[in-house]
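Shown here is one chain on its own, the form predicted on its own, set out as structure tokens.
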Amino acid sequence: MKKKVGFVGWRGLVGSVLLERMILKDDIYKFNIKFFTTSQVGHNGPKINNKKFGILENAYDLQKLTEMDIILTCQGSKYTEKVYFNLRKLGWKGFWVDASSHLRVNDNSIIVLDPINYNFIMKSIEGGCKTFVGGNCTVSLMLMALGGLFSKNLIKKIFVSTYQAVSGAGSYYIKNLLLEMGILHKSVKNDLYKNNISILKIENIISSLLKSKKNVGIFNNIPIAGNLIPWIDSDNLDGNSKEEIKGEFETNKILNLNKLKHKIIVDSLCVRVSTFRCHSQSLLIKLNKNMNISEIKDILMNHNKWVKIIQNDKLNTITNLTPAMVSRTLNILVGRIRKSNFGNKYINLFSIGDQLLWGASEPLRRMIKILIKL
């Protein structure tokens, strides 16, 4: 008998990408899916490949939710906080699969990234775990890139600088980045085609507009077009942002190392940049032993089929190691691999992946596939 899966938050940015992937891979026909909503109860559900999927159910109707074998939610932390624990109190023993961060720190949850921690996931299911959550986008992308080194216990510590796309903040920010770009262009459009105007005059107009925050500034009145913001998420009150402290905790939780003394040290500096949906990361890694670069490349690219090594030269780097090249693909690009001046055990590299795929939706899609086979 097919399992019953309730899907909440399927119209949002992550949810719509996940649904798109489930349709593309024919997953959606391998279980009985029921679409839930927080705002359009009783409306018609989506029509997929000419098949209707019924009426939208109330996402806050706990009784309806208890009828599901699996609940898949991309609705966000506020929804999880309001529904999850009340559902468990009713005695519901189904599987909860969640894109939000609310349950990541819960001792009874597993952060899923099966190319990295498949054995841990399966062991947890055997042990009775029922709660599985997607990880932080940059953490998941970093682990996918470095999976070979992690699997062989070769990493001691990492310093990572992230360059995170606006998609990580939601669809509103993608739209408004484009609006900001349009506003900036409009402010100098007439001058751009004048041969006798100084480029410094054009730059001055743009700079003045950015500083004035007039009609630009989607991140708390801070513009992102022509700019960057070296702070993501709330203040942890210790000099770190909340986004930055996720790096070490989630890396070790995914690898099942949090309770051990030999946890991997991860220090992060997270930056929002004006790309659309791909996160980039610059990494300084201390290995547990001295290794040559060709050996490191072999370990990385042989761990999973999605890692693509980009040759460390100018032409290959500027042509292939870019967000534009990886956008809307499952590839994890890894380049600029070289020894660091810090010592023989240190290496530098640069990685890029699609935040909406391996950074968000794909681990959840694959987790559902695991659960429906049980």
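Residue indices: 1-based, along the sequence shown. Since the structure is predicted, the reported quantities are computational estimates derived from the model, not experimental observations.
From this point on, the text means the form predicted in complex with a small molecule, which you will not see here.
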{"query": "Joint contact, 38, 100 and 170 to the small molecule in the model of the complex, by non-hydrogen atom at 4.5 Å", "finding": "yes"}
{"query": "Segment that reaches the small molecule in the model of the complex - one of 295-303, 76-84, 192-200, 151-159, heavy atoms within 4.5 Å", "finding": "76-84"}
{"query": "Residue contact check: residue 359 to the small molecule in the model of the complex, 4.5 Å heavy atom", "finding": "yes"}
{"query": "Residue 144 within 4.5 Å of the small molecule in the model of the complex, heavy atoms", "finding": "no"}
{"query": "4.5 angstroms heavy atom contact with the small molecule in the model of the complex for residue 351", "finding": "no"}
{"query": "4.5 angstroms heavy atom contact with the small molecule in the model of the complex for residue 22", "finding": "no"}
{"query": "Interface residue in the model of the complex among 137, 113, 110, 71, criterion: non-hydrogen atom within 4.5 angstroms of the small molecule", "finding": "137"}
